[in-house]
Every structure is written in C-alpha cells, then in structure tokens.
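What follows is a single chain, given as structure tokens, in the form predicted alone.
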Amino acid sequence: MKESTDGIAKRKDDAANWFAGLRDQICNEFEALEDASRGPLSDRPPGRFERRIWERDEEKPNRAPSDGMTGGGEMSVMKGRVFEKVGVNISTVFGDLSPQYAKEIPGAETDHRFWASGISVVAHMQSPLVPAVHMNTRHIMTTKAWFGGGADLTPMIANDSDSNFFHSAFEKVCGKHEVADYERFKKWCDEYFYLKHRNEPRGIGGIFFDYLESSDWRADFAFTRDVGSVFLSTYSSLVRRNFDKGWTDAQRAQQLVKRGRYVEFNLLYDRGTRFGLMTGGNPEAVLMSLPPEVHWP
C-alpha cells in the first residue's frame, strides 16, 4: 500500500527530530568530557560548542530559483582541551536534483525531487592516544526511501583493546536488529574507507550501511537510532579511557601525519562530501570533517 502524504510527512519529522535530539545528547556528553579531563591540557578552560544555523538560500544568495533546492541545518563546532576540533552537524535539505546527479541517486532517475535529513559527527582529538572518530546517519527520500550511515574509528596510535571494544559494541547492536547484518556492514566499511591510491585503510573500520530499505520502515529507523546511541556510549567510554594519559612529541607527529590520510579520503572518495556539495549544502558544514592541523611528510 502506498504511503499517505501525511504518513510520509510524519516519517520525515520523526527522522529529523531524532537527528536533532541525538545532536543535543552528543554535544552535552562531549562538553562533560571536556569538564572531566585532568590530563596534560587541563590548565586550559573546557571547550564549549558554538552553534550556527545556516539556510541554503542565505548561504547561496546568487543561486537561481530554478536550481530547486532549499533547506538548511545547524553546525555545532567545539575546540577544547580534549577535542582539538569536533563538529556535530545536522541538516535537512530538499528540492530537485540536477539531471546529471539524479542519475546516481536511487529513485531519482525520472523524478528528480528529493528530501534528505541527517547528522554527521567528526572528532579530532588533542591526544594522539585518543582515536579520531566519524559517525553519520541519514534518511533520504526520492521515489524510494532509505536509511544509511555508520561509524568508524581512526586510531593515531594502535590500541587493540580500544579497537576490539569498538567493534564489539557495533556487533552487539547489529545483533539486536533483524534488518542489520554485522558481517556485511563491517566488510562494507572496510572496503569503503580505503585509500586506493595508498593501498591502505583509513582506520580500523566499524560499520557502514546504505540503501537500508526493508519492508518495515520502523525497524529500519530503530536500527538507525541504535547506531547513533551506541556510538555515543562507546566513543565516550574510549575517550575516558585515554584522555588523561600523557603523550610524546613523536606520538603527536605521528598523529598529524595520520590525519593526512583522513583528509585525502574525505576529499577524494567520500560520498557524503559529494552529496552535500551537490545538493546545495553549506561548504563549511560539509567540510567540517577536515582536521585543524595536519602534516604530510
């Protein structure tokens, strides 16, 4: 049975509201981590998020109305004594895709209208002993509707205990949901976050899924929500394990070189970066994943 207009509108609202609520939970917890730190930079004041709302028409005043996209989002960025730079962004955009780009999006080949909402988190840490992390979840509607997202970890210094803890958490959350397939999502993540030009992975992986469109929208949404929740609890635990440990100049140098791999992936391969730019997203929000300092040897 075809979904009613009211039913579709409610699903959009439910998804967008969840992403906004998750943003608030993450920001609150990350600020609490800033308060709790007693590590090498604890003489600095704890960081706080700065939020900035952006609207597509305000950010792109010279775009012609015929390009058919609108919407906006909110950037939340913090620079502190634990988080060197962390962004927690939400957005909801909609309108018409360009005919060329529509060919790449399921369900948009002949009807170019789309709606997309999501959350994206990228954290680059002061301590090279605390891994960088990325998480995003999203809901996209064309003539089809699906969820996508995942989370992956990028240690600067290898730590098997942290890596195993991260993987175990996502294996457990996938095991709770019939619509999820941990082995497939893990393999998908390993293959996606891979630097082909260097023949090496970006980090230690996690899970990645896209085009999640089972016959049960509520089940798909429930899994997507759990991905966000387990990310928050798991990553917060990893930070608390390591954020008060001292580090060396050599470890910091290793961290800055490893960040270069992060930059290369996001500019060369990341589909989310391309989707954001191709659908009229705010370039600052789309590129907030880039670290504040990076070295190439």
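On a predicted model such as this, the values are computed, not experimentally measured, just so you know. Numbers for residues come from their place in the sequence shown, where the first is 1.
What comes next is about the form predicted together with another copy of the chain, which is not displayed.
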According to a 4.5 angstroms non-hydrogen atom cut-off, is residue 197 in contact with another copy of the chain in the model of the complex? yes
Does residue 29 make contact with another copy of the chain in the model of the complex, using a 4.5 Å heavy atom cut-off? no
Contact flag, residue 12 vs another copy of the chain in the model of the complex, heavy atom cut 4.5 Å: no
Quick one: is residue 292 in contact with another copy of the chain in the model of the complex, heavy atoms, 4.5 Å cut-off? yes
Where does another copy of the chain sit in the model of the complex: which of 229-237, 242-250, 257-265, 44-52, heavy atoms within 4.5 Å? 257-265
If you check in the model of the complex, do 284, 287 and 296 all have a non-hydrogen atom within 4.5 Å of another copy of the chain? yes
Only one of 134, 81, 85, 186 comes within 4.5 Å of another copy of the chain in the model of the complex by heavy atoms, so just point that one out. 85
